[in-house]
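Single chain ahead, written as structure tokens, the form predicted on its own.
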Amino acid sequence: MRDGVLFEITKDALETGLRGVPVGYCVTSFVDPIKGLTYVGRPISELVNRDPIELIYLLYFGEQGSSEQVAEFQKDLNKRSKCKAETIAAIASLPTVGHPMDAFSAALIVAGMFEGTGDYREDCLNIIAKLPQITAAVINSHAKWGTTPEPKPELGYIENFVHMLNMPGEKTAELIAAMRLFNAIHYDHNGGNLSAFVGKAVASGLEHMYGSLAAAMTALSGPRHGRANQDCLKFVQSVLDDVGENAKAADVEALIRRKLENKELVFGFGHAVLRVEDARATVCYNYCQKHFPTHPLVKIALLLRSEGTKVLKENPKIANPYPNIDAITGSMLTAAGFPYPDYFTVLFGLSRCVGIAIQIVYERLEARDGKGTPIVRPLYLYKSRT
């Protein structure tokens, strides 16, 4: 018995990734199996059109700020937004081989060397403010798009980030709007997702904020976590190549059935917690239907949404036959004018570092009446392999 909850540890509970095992509190967000993601008790569907700074304020302070409070908070972040020249130069010198998430994780370590204060709260605010420049510098360097422009935080959080990207093509209002939506829905996702848990576990050893976030981003990088958006886009593209952009629902249904019969993967469905369509995905589907209804990838993604769910529902062993967020975001970003899937997970990291940093502040400075959580040390039982 612990805090009124009875725990029974059986053999079946072992080697299951700690699924469903409560280990602490999350003060920023929660994922209900039916209602989906909430930020500080507010459904994500009600928040996606808010300014990024409003959402960051909500997560950081745990309450909605007045227009005056948000404006003051933005002024504070704006003052912190520019990295030292040494930081950007070091990021620009990182190797360009490998996946860009490797460079992003390394960039956070580099930033900690030059920008870190050793104070979790100060470093939380500093990294939130500097993330647009750090992320833009990583992408520009890795993609060989040239020197990163000086930040202009007065443009807005995402507007400033897009301004610093040297990507080919036009930076349209549609692109900025899609980037803002992508950013808003990825700030946080409770405390038990892999990247958040890893970041907090590393911080429990009193590693500094930047190193803890770097560890969190290596966790995010895997195809079972943040890189799933990249793999899902490849899947949507493969379906498009197979059936064509004028395909009908029956064509996509038949393709899905063939894949399942051949024991091939169908990407973009299911979730560890959710038992309905991901509320974040619903927001993005609605956005794409409104703004990009004729884009080939969007048309296929919408057909996969309906036909994939229909087919997967036929299998009673599948707990969640509905789309998750990764099923649509890659198509959305591509349709909006950012057809660079190698950097989708980096965009995820730009957003998710915000929530993880705030969670780290809670666990290091506020949990257990200010004592902070102890170092993470779960029990592993010995088992002979012979």
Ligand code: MLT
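Start at 1 with the first residue shown and count on from there. Computed from a predicted structure; not experimentally measured.
This protein has a second form, the form predicted together with D-malate, left out of what is shown; the following refers to that one.
Visitor: With a cut-off of 4.5 Å between heavy atoms, is residue 180 one of the residues that contacts D-malate in the model of the complex?
Guide: So residue 180 does not count as contacting D-malate.
Visitor: Report yes if any heavy atom of residue 171 sits within 4.5 Å of a heavy atom of D-malate in the model of the complex; otherwise report no.
Guide: No - in the model of the complex, heavy atoms of residue 171 and D-malate never come within 4.5 Å of each other.
Visitor: Closest heavy atom of residue 299 to D-malate in the model of the complex, within 4.5 Å or not?
Guide: No, residue 299 is distant from the partner.
Visitor: How about residue 126 - does it come within 4.5 Å of D-malate in the model of the complex, if we only consider non-hydrogen atoms?
Guide: The answer is no: residue 126 has no heavy atom within 4.5 Å of D-malate.
Visitor: Can you confirm whether 80, 121 and 208, the three residues that make up this candidate site, all sit within 4.5 Å of D-malate in the model of the complex, judged by heavy atoms?
Guide: Not a single listed residue reaches D-malate in the model of the complex, so no.
Visitor: Which of these residues, 200, 130, 189, 142, gets a heavy atom within 4.5 Å of D-malate in the model of the complex?
Guide: Filtering the options by heavy-atom distance leaves 189.
Visitor: Among 259, 99, 291, 225, which has any heavy atom within 4.5 Å of D-malate in the model of the complex?
Guide: When D-malate is considered in the model of the complex, the option within 4.5 Å is 225.
Visitor: Given a 4.5 Å cut-off on heavy atoms, tell me which of 39-47, 53-61, 347-355, 332-340 is the interface stretch with D-malate in the model of the complex.
Guide: Of the options, only 347-355 has residues within 4.5 Å of the partner.
Visitor: Going by heavy atoms, what in 267-304 lies within 4.5 angstroms of D-malate in the model of the complex?
Guide: Sequence-ordered list: 271, 280.
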